[in-house]
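Here's a solo chain for you in structure tokens, the form predicted alone.
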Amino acid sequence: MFAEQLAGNLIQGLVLGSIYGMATMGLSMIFGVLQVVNVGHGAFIMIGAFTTMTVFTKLGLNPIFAIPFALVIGMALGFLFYYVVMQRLIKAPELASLLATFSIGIILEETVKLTFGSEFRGFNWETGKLDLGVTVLPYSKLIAAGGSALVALLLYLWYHKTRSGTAVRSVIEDSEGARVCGINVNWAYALSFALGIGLTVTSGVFLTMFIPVGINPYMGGGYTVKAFVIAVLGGLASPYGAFFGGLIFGLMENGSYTILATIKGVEPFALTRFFSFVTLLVILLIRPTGLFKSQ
């Protein structure tokens, strides 16, 4: 019985972990290229969640169609905030960019609150279920996990197989050398920031497919904390390392819940995050740079 429950929760954790990884890739990408820590990360995930809900409930479209909407909205926001705010802070002290991204997150949250209200929302997307014996997975969760894995693969191919991706990697290695070689460094920064935000907003679509309830303007806080943990675990400057870090975190989170539930007098849900963070600390003591190298 315990073995079946553990296996089922680990499968669920693997699916959720792939989405966590996708939700962290944009954070790692922005830090890897611009050396900017986006503390407003969760607010952009929230934008993706509201995009999905609007596409489904207002437009009557399948939530899958929210993916291109979210990517376009995210990249548009990314370019806007880069040229209006972040471009001026590239060489500024780290605290300046931290405060800027925090302020951007607050602006997004309050704007959505004024537009949609502060109440919790959700929707019901019936897609059928896959019975694996030890657990049952709605197809919506499988679609979200598969989409997350596909995005991670496409990002890897973009980095390594395209001229623009190679240009961004050269900026990461040596921005001044890249400038001397004729690469438009400012455009590389803008593209990376916009793509990072686009990925983050798109991840909100996948997260909402997995958990289509609890959508509200302030839902991003918990995801921001998890994203930072996963980013450090996978290697802070590695977007696809973040994806694998998300898989590991999802397995730790769901696996520890099953184990803690067998201990009498223990509230497993309350201690699950504690266990995951302790495990992370142990891993980082062994490998401080994370499990994966940068780009």
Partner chain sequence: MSARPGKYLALIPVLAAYLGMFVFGRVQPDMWQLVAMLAFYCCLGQAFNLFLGMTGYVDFGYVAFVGVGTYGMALTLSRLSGVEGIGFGALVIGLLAAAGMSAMLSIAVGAVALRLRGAYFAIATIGVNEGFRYFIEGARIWNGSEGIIFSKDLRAIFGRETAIALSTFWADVFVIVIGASAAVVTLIYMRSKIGFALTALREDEDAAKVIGIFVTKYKIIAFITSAVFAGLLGATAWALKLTYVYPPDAFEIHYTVEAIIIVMLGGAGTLLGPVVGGLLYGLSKYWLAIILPGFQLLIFAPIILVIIVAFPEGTVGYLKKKVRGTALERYIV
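Since this is a predicted model, take the numbers as computed values, not measurements. Positions refer to the first chain, counted from 1. Only the largest set of C-alpha atoms that superpose within 1.5 Å between the two forms is called the rigid core.
One more form of this protein, predicted in complex with the partner chain, exists but is not displayed; see below.
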Per-stretch contact check against the partner chain in the predicted bound form, the hit in 53-61, 66-74, 261-269, 244-252 (non-hydrogen atom, 4.5 angstroms): 261-269
Interface membership of residue 129, the partner chain in the predicted bound form, 4.5 Å heavy atom rule: no
Indicate whether the partner chain has at least one heavy atom within 4.5 Å of a heavy atom of residue 236 in the predicted bound form. yes
Just to confirm, residue 184 within 4.5 Å of the partner chain in the predicted bound form by heavy atoms? no
Using a 4.5 angstroms cut-off on non-hydrogen atoms, would residue 103 count as touching the partner chain in the predicted bound form? yes
Could you tell me which one of 167, 89, 143, 211 places a heavy atom within 4.5 Å of the partner chain in the predicted bound form? 89
Picking from 96, 180, 136, 157, the single residue whose non-hydrogen atoms come within 4.5 angstroms of the partner chain in the predicted bound form is 96
May I ask whether 10, 162 and 194 all come within 4.5 angstroms of the partner chain in the predicted bound form, judged by heavy atoms? no
Residue by residue through 36-70, which ones have a non-hydrogen atom no more than 4.5 angstroms from the partner chain in the predicted bound form? 37, 39
Relative to the superposed rigid core, does the CA atom of residue 10 travel 2 Å or more between the shown form and the other one? no
Post core alignment: residue 266 C-alpha displaced by 2 Å or more between the shown form and the other one: yes
